[in-house]
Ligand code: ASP
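Okay, so here's just one chain, in structure tokens, the form predicted alone.
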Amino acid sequence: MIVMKFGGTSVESAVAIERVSSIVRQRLAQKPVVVVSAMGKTTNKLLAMAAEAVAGRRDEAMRLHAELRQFHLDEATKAIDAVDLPKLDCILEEHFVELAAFLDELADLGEFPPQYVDLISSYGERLSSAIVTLAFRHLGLDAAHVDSRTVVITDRRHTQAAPLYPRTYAKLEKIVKPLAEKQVVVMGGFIASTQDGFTTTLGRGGSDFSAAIIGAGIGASEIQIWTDVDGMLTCDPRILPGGHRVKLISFGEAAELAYFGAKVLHPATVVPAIEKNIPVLILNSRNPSSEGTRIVGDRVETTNIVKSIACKKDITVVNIRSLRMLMAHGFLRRIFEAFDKYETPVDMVSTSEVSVSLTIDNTDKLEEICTELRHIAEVKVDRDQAAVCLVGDNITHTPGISARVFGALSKVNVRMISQGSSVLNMSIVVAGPDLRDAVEALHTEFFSTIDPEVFG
């Protein structure tokens, strides 16, 4: 039994869904459970119409509502059998009538509470999974639809809910696993519910997470993440084209890359997979012959020091300095209490006795944080910075890597450097405009030759 997750671009149209059905058909012997994202940019459109309703522009919200309904009708009509058109009409009517009612409620509220964010956002995956199920049947697959909200159970932290694993796994074992023995099960990613039935979501990009949770719950032999790229690359193609495909990588390395900007994988995806030791494959629905990237639990031996270079743009560096704290205890505690108070995650940290530099990518509460920190220290903020992260199991075992990094970056000003506690990564911060030059220099330094067993 396997889990196959298909992203929004993989199910964005009737043509794309037909392509997906062909991929699934080739793996019927492995008893696939299919997890789908919303079609195309549906989630963005849902949030846009909600924003219009909250702002009191109900006519514009309903225009977007009608436009989105028509989009789903047009693509679904091309993808399903004529005999199923009445079912399609019922599905669209049910969902879009509900959605219109929620938009009216938002217009009356004049605000967009987190529970409503989850409700509105959920319609993309609810619609896509129902439509894909009908399309699969039309294309000759014996498909069954399962609403993920009935089996993926979470806490009440709306917009980024945490799964209640024992309850979720028990439901997946009882409901999904026996059904998948007989039919192709289709489920929506990203969506879930609380124990008392309130809709929640796992955060943007959470369809990958859903696939891993479902895979762990049914004891899948592997979890396949189908996207629109050939797998993980040695560098971000949006920053520097021409990187090599990474054939094999460890869970730890993949998690570091995902956290530091590799967009092909949701960072939380690997957690249930690691616990159950289930391999994760990154594959391309538009190039299914590609072997993609295989993520495994064991350390992957290679002659290359670095597996890949990840990037994060638009980060902010906060420099905190206080001579008053020389030889005083509690400096770090007071700094991090400020970030904790305003629920702002810190990515990288570099410290000395009286100064701390750290990076964040969420600046919503930065002004409040800085006001609090200025009670104990001088604070300087540098915006438009970029983090470059070298990831690889061999980094910790290789002497002289820092010398090679700084040698390669002799023409780039490095603002900050940090080695992760996992010792799988070495990260630096450069000015935003220097990002491409930094990545190109490091890629030339560490990938002038590649291990053919690990890189393609």
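One rule holds for the numbers: they count along the sequence shown, beginning at 1. For clarity, every value in this text was computed on a predicted model and none was experimentally measured.
The same protein has a further form, the form predicted in complex with the named molecule, not shown here; the description that follows concerns it.
- This chain appears without its partner; in the predicted bound form, the one residue of 50, 429, 38, 391 with a heavy atom within 4.5 Å of the named molecule is 38.
- Only one of 167, 313, 204, 276 lies close to the named molecule in the predicted bound form, with a heavy atom inside 4.5 Å, and it is 204.
- By the criterion of a heavy atom within 4.5 Å, residue 136 is excluded from the residues contacting the named molecule in the predicted bound form.
- Shown alone here, residue 190 lies within 4.5 Å of the named molecule in the predicted bound form, counting heavy atoms only.
- Using a 4.5 angstroms threshold between heavy atoms, residue 118 stays clear of the named molecule in the predicted bound form.
- The named molecule is not drawn, but in the predicted bound form it has no heavy atom within 4.5 Å of residue 256.
- Residue heavy atoms within 4.5 Å of the named molecule in the predicted bound form occur in exactly one stretch of 53-61, 38-46, 401-409, 23-31, and that stretch is 38-46.
- Residues of 112-135 that come within 4.5 Å of the named molecule in the predicted bound form, judged by any heavy atom, reduce to 125 alone.
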